[in-house]
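A single chain comes next, written as structure tokens; it is the form predicted on its own.
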Amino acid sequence: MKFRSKIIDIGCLNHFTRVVTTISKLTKTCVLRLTPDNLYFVLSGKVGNGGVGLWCELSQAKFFDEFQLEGVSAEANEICLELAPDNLSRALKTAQNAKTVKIKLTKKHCPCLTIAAELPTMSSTSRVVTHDIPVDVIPKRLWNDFKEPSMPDFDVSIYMPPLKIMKNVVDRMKNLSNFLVIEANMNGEMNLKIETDLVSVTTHFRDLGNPPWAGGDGSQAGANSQRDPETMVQARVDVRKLQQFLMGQQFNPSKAMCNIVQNTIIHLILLYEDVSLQYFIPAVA
């Protein structure tokens, strides 16, 4: 089992750092799944038990100049590592001006991801800063827990308003209640609502648009194809979990979408060129 890679392009390094930093703000631990073509950051939260779920997919060719992987076997050419993304984020931040950054799987006192950054110097000698990030190797028998989650059979799918605006609204609502209702319809309308014994506050967003999800016959996927476009679908969620998602964004997605299963789950999707991030927030009664 071997893994070694190299990043030379400073833009790719900065972008990769922003993605890892985003992950670090969403979870304290996660699984890094390495395959020959992609990297995945996975939090296999038991949504049914109130936990959030996370799936972030990156194309390795868009970030790495070199990428060599030998998995556990020829048939299972993957490596799954559990790590603290904040450790990886901090290591990468110290390498922002590096000439090259090498990332490899090593065996020190325990398995580690070793980050070696060659920093620029005024002399001809190179200066290399090394970080050893402890990891746990996930055995193959547990890999099924870290496969891509299936798309929920949502009732409504809608593009999200600008995330900074949405974050400002949620930040204010958090001071009023621990829970927030997100509701949306297939007419491009979304409402954020707080309702308590003392106060009722609603923020309306209009003309957001709805993603053109299509089924096999070209029709819209899910039950929303037969639904009245004006009918609102809602889910009540822990406002802190939504706030954490909005606070964590370090890259500006080209598309941000929200899928809602009535009173069950909110499925958030961010897309940016070579990165996709999915976040699952369970509804509460």
Partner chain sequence: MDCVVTGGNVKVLAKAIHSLSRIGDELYLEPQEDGLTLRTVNSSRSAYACFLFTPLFFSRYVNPEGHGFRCKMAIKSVQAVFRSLATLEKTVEKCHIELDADRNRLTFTLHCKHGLLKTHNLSFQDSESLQAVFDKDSSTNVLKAQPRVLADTVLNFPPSLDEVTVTVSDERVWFRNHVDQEAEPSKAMLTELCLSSDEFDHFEVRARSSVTFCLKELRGLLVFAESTGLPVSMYFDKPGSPVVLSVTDSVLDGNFVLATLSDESGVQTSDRAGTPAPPADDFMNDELESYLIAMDTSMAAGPSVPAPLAPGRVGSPTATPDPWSPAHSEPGEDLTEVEEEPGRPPNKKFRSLFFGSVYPPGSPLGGHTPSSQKVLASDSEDDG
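The structure presented is a predicted model; accordingly, all values stated were derived computationally and were not measured. Numbering follows the first chain given and starts at 1.
Only in words, not in the display: the form predicted together with its partner chain, which the text now covers.
Sort through 132 to 140, 172 to 180, 205 to 213, 152 to 160 and report the only stretch with a non-hydrogen atom within 4.5 Å of its partner chain in the model of the complex.
Result for this chain: 132 to 140.
Do K164 and its partner chain come within 4.5 Å of each other in the model of the complex, heavy atoms counted?
So K164 does not count as contacting its partner chain.
Taking 4.5 angstroms as the cut-off for heavy atoms, does N191 touch its partner chain in the model of the complex?
N191: no contact with its partner chain in the model of the complex.
So in the model of the complex, does V128 come within 4.5 Å of its partner chain, heavy atom to heavy atom?
The answer is yes: V128 has a heavy atom within 4.5 Å of its partner chain.
With a 4.5 Å heavy atom cut-off, would you call V284 a contact of its partner chain in the model of the complex?
Answer no; every heavy atom of V284 is more than 4.5 Å from its partner chain in the model of the complex.
Tell me, which of S73, T196, N144, T121 has a heavy atom within 4.5 angstroms of its partner chain in the model of the complex?
Partner contact (heavy atom, 4.5 Å) among the options: T121.
Out of A98, M186, A91, C80, which one falls within 4.5 Å of its partner chain in the model of the complex, going by heavy atoms?
Going through each option in turn, the one that passes is A91.
Counting only heavy atoms and a 4.5 Å cut-off, does its partner chain in the model of the complex sit next to every one of K241, K255 and L270?
Verified in the model of the complex; spot residues all out of contact, no.
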